[in-house]
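Read the single chain below, which is given as structure tokens and is the form predicted on its own.
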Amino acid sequence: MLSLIWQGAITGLLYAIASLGLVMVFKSSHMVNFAHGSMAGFCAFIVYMITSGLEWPWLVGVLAALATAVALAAIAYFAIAPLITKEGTTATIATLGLGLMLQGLILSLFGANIVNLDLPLPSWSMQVLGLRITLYELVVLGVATFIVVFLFLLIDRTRLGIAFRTVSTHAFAAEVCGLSIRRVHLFAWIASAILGVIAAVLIVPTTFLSSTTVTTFMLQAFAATVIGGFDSLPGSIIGGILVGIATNLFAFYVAPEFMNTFLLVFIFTSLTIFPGGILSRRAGGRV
């Protein structure tokens, strides 16, 4: 049981990283980016092409993937930007189209074959209170901790972060005060894309890489976002860990074939108890 909870929490941290990207876009633009998984998957293939195809160092592959993510985020945002100010679902539906286009681009460039993308880490492990902890798990824990601390310091202590919080709270008031809405939106999209790439590069070595692997992984991250709340960055972290532990326990004790059904039930139960997310407060008003 302890081992299952630990492994589920590690996977949940990756869900949380991807979920943070979804929340960043939603808080700034008030829309869901359904192209999040396709963008991260395309960048994961960039890492594979550089490290396995060209046999260049992993650092070069990761830097190239991050640069690609920034470019894709900028292109996607400027394509969607005219629709963000319109009716809420218009821009969200447009991201579905962008995601399908990227899926087609992945298939045309890299094919439909299943490939392996292994992290260049030695097979080291240690025992702590009977729990086997691998170097990979420590790397995931370290990366996730660094990202969370860095992101919250960026949002809480910098001028860009203050602008992001202001736009998230009231975009019209922020614009009246002279803040650039588009600049904040672009920052959120770029940060979201980078978070998606980091999560994808860390999760793929535990399974395999194909045209649908990362998109499927992002469905779990989407469930974490729903449970944690689309407007809550801390909630997405808690939601990711909960989803990771719950799905790991369910797969071991029940059946992995019914994972999607379990996720739907889990989401439905969470929304029934916490309609706005697990960290949401009950709304109130003055008469």
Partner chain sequence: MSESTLSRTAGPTPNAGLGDRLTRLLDVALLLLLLVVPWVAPSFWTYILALSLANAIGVLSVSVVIRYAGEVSIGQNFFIAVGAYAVAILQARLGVPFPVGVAFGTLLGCVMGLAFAWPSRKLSGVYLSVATLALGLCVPELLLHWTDITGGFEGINVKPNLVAGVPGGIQQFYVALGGFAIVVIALARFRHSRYGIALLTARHHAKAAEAFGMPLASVRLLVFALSAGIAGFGGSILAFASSTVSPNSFTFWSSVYLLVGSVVCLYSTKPSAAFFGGLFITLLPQLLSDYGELVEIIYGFTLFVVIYLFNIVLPHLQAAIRRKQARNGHG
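Numbering follows the first chain given and starts at 1. Remember, it's a predicted structure, so these values are computed and weren't measured experimentally.
Keep in mind that the form predicted together with the partner chain is missing from the display, and what follows is about it.
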So, Thr134, Gly142 and Leu279: all three within 4.5 Å of the partner chain in the predicted bound form by heavy atoms, or not? no
In the predicted bound form, segment of 170-178, 89-97, 146-154, 185-193 with a heavy atom within 4.5 Å of the partner chain: 89-97
Would you mind picking the one in Leu119, Ala79, Met126, Ile162 that has a heavy atom within 4.5 Å of the partner chain in the predicted bound form? Ala79
Classify Thr213 as contacting or not contacting the partner chain in the predicted bound form by the rule of any non-hydrogen atom within 4.5 angstroms, answering yes or no. no
Any of the heavy atoms of Asn260 lying within 4.5 Å of the partner chain in the predicted bound form? yes
My question is simply whether Gly104 lines the interface with the partner chain in the predicted bound form - judged by any non-hydrogen atom within 4.5 Å. yes
Interface membership of Gly229, the partner chain in the predicted bound form, 4.5 Å heavy atom rule: yes
